[in-house]
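The chain below stands alone, shown as structure tokens; this is the form predicted alone.
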């Protein structure tokens, strides 16, 4: 752990030349940052503030696993300057938690939220996963109701994805488990959207729901192509200045390689790409339709292009089928029905 933390601080120093930007969010996440003691989190936050321009009202989030924190640790995080918690609950059923490889219990998850409140956190997000193999709506409803009852300001609900080279993927190949049929997953998703709406949450992205005023600003910055810097193994960064192409780069994934490079004062970048106009436009459409929508006229103006007839006809069709709404200001926004087939709509609407 100490070797990693030392390398992390070295990497931060290598990006001092990006200090002209004012950053409005800090997100400690990926992996399990809540394994770190509060004083290490404070050192990291202090180093970032000493190195970069950080807004006084910055949103500072830490991802937290309930099995790795207690009341004292959460109080330490709050005192260090963290003002938002993202708690990886995933489920309130013990068998589902074990299937997902989680080390906490449902009771520990509930206690984590209570401890967060006691520590002074008034911006708490809960992460959940639905559409586990064989999961019924009744089972999912129990988890969702348990989360809502804890009165968080934000809930992220993601459908289970079978990623390559994971234990779950090997179980699927060995026919030990079978993913939920797409129809069942769609029903669970439709139920989630409606239940969250009735609970007073706004769906501001495909998988994210927030009470008014509590959207994740960090995620929103990603979706709007704001500049951001990522530190640590596998971390991604994006930077764009003026009319220059945007540049995205990502770090090596292996921890040993990451530390070794920084011991030599070498940036641990694995690879990078330049985002030309066409790719930037495609990402604007994809990210926009997953969240607040796309201002069509502004998109055409910013990228000096026009939607061809085929895409204009598609937009008309989407509105007629109630998959999308075309607002008076020209913003195309997907409806809950459209969110169900968001990826397909994006694929058809993207430039050829």
Partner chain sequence: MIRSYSITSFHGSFSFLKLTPQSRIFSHDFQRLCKSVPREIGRTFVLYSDFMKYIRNFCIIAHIDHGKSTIADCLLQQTGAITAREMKYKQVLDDMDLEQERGITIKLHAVQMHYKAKDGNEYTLNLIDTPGHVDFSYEVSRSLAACEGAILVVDASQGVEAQTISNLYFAIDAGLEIIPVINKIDLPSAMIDTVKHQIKDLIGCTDEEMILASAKANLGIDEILEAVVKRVSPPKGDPEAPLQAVIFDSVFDIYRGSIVYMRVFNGTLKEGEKVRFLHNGKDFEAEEVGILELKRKRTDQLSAGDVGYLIAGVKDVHDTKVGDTVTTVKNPAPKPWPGYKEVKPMVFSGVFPTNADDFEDLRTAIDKLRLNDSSLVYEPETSTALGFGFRCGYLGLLHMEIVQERLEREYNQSIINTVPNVEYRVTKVNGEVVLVDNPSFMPTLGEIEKVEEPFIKAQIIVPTEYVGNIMKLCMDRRGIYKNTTYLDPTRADLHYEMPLSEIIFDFYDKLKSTSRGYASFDYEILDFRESDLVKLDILLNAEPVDAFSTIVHRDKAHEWGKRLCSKLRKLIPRQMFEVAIQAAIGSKVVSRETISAMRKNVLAKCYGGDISRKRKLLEKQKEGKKRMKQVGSVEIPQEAFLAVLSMDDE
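Numbering follows the first chain given and starts at 1. Since the model is a prediction, treat every value here as computed from it, not as a measurement.
Beyond what is shown, the protein has a form predicted together with its partner chain; the following relates to that form.
None of 103 to 111, 179 to 187, 260 to 268, 166 to 174 except one has non-hydrogen atoms within 4.5 angstroms of its partner chain in the predicted bound form; the exception is 179 to 187. The shortest heavy atom separation between residue 347 and its partner chain in the predicted bound form is within 4.5 Å. The closest non-hydrogen atom of residue 321 lies within 4.5 Å of its partner chain in the predicted bound form.
Mapping the unseen interface onto this chain, residue 49 falls outside it, with no heavy atom inside 4.5 Å of its partner chain in the predicted bound form.
Under a 4.5 angstroms non-hydrogen atom cutoff, its partner chain in the predicted bound form lacks residue 43 among its neighbouring residues.
For the residues 211, 206, 255, 119, the 4.5 Å heavy atom test against its partner chain in the predicted bound form is passed only by 206. Listed residues 195, 93, 236, 73 were compared with its partner chain in the predicted bound form; 236 is the one with a heavy atom within 4.5 Å. Residues of 274 to 298 that come within 4.5 Å of its partner chain in the predicted bound form, judged by any heavy atom, are 275, 279, 282, 283, 286, 287, 290 in sequence order.
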